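To begin, one chain is listed below as structure tokens, in the form predicted on its own.
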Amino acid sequence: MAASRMKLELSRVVQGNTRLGLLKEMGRMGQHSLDIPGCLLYTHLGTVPHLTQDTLHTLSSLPAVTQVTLSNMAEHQDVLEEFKGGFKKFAGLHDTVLYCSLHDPAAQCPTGHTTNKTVSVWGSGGRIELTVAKFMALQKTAQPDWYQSMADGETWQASASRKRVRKSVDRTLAHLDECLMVHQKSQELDGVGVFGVVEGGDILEERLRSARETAKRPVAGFCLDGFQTGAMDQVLRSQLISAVTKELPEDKPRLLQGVGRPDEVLACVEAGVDLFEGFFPFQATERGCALCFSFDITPDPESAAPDEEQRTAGETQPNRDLNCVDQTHMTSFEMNLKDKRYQDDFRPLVEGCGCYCCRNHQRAYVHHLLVTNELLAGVLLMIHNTSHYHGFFRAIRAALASDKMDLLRRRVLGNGKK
């Protein structure tokens, strides 16, 4: 059967790790491309939370890849099988590349339910246990353009023993081999790409073994798992990712799972990551927050510096532990518009932002919508947060192209005036 035609063309590699390029010929017809470093469009069952398709497409420069999760789709398998047209057609997602991941990156999954033969996903109705046969039947029914292979990803906790981590790597490789065997015999998955999963917890030897062995298989790309926010120290994460990416082929993309915070994104880009899941805007929206960090790398950083309130918007929050496993807490890259101080603030969410929300509404209005529990609050925040976040990735690529990563880092971390 035909393999995925996706090609990665690198235009620049900075300091041996950081990659700038273009992922070309994506999708069944090869008509899509995606700039890297980049991020995917996060969805719940094919829909960006709070936004209709018409509203979503008022935003410019959306990613060409839409992420859906098997945890959402598994409980609707009967309906999709009866439909027979694949999930993209079912959800009306015509002009996009569909990527199917195992878990929802914005939702925490209970651990302790993985066996040698199964993994578990969690839908609205509870736990769904998947064998390789059921997992692959779901992929045949959904007909994505890429999908993540089955994996045992439950070793991100610091308490995981070396023996448990080794077993995780072994299971993940065994799952990959079984998935590839079924995939290669499946007419429904002709031309579809499989992303192999690199596991290994916080143990360097197991990370390297997982990367080397996965790279030997005919995969279209790699998912780096177990590095999500709160899973490990940021310095250790960067060291492990740098070591892992050196073992992976240069011509295949590396997708990092579970990392979305801007400071962490920058560190992981510099460690060799190409793609990220775009769930962070949704998390900020659910907190009633607007993303407000600066990523302007114009020649005059003084004039482009964010106002003091925006730079310190998150600093008034009692819990700012940046390595907290609980991703429900507000970060320093957001302003909490539920706060009473915004009730008389008639400025846009972010000065100079060109999104629909910032062009037409004020902080005071969004505050009013939030405290009165109006659905429009989520719509306006999601418009702004999605626009702001994808603008951040454009800024990363521009900074890489113009040797301004140091400036961008200072801007994002709030040190633009120094």
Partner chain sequence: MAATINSEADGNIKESSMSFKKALTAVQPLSLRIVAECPVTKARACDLTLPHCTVSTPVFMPVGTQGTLKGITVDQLEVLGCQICLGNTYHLGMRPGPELIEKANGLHGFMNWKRNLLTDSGGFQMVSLVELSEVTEEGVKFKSPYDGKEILLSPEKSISIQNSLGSDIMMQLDDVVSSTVRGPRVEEAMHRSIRWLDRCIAANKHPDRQNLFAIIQGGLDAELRKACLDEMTQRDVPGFAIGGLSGGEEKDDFWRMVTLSTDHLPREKPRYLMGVGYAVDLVVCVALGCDMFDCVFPTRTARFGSALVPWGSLQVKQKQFAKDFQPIDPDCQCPTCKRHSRAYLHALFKSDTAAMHHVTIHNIAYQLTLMRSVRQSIVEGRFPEFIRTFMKRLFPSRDQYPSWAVEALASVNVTLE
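Residue numbers count along the first chain shown, from 1. Since we're looking at a predicted model, the values are computed, not measured.
This next part talks about the form predicted in complex with its partner chain, which is not shown.
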> its partner chain in the predicted complex: within 4.5 Å of a heavy atom of each of E9, V14 and D296?
Replying inline: no
> Heavy atoms within 4.5 Å of its partner chain in the predicted complex: which of the stretches 222-230, 79-87, 331-339, 250-258 has them?
Replying inline: 79-87
> in the predicted complex, which of the listed residues (L59, L369, C353, A64) lies with a heavy atom within 4.5 Å of its partner chain?
Replying inline: L369
> Just one of D177, E205, E75, E188 has a heavy atom within 4.5 angstroms of its partner chain in the predicted complex, so which one?
Replying inline: E75
> According to a 4.5 angstroms non-hydrogen atom cut-off, is G391 in contact with its partner chain in the predicted complex?
Replying inline: no
> Taking 4.5 angstroms as the cut-off for heavy atoms, does S124 touch its partner chain in the predicted complex?
Replying inline: yes
>> With the partner left out here, check for me: in the predicted complex, does some heavy atom of H50 sit within 4.5 Å of its partner chain?
In response: yes
> Heavy atom to heavy atom, is Q31 within 4.5 Å of its partner chain in the predicted complex?
Replying inline: no
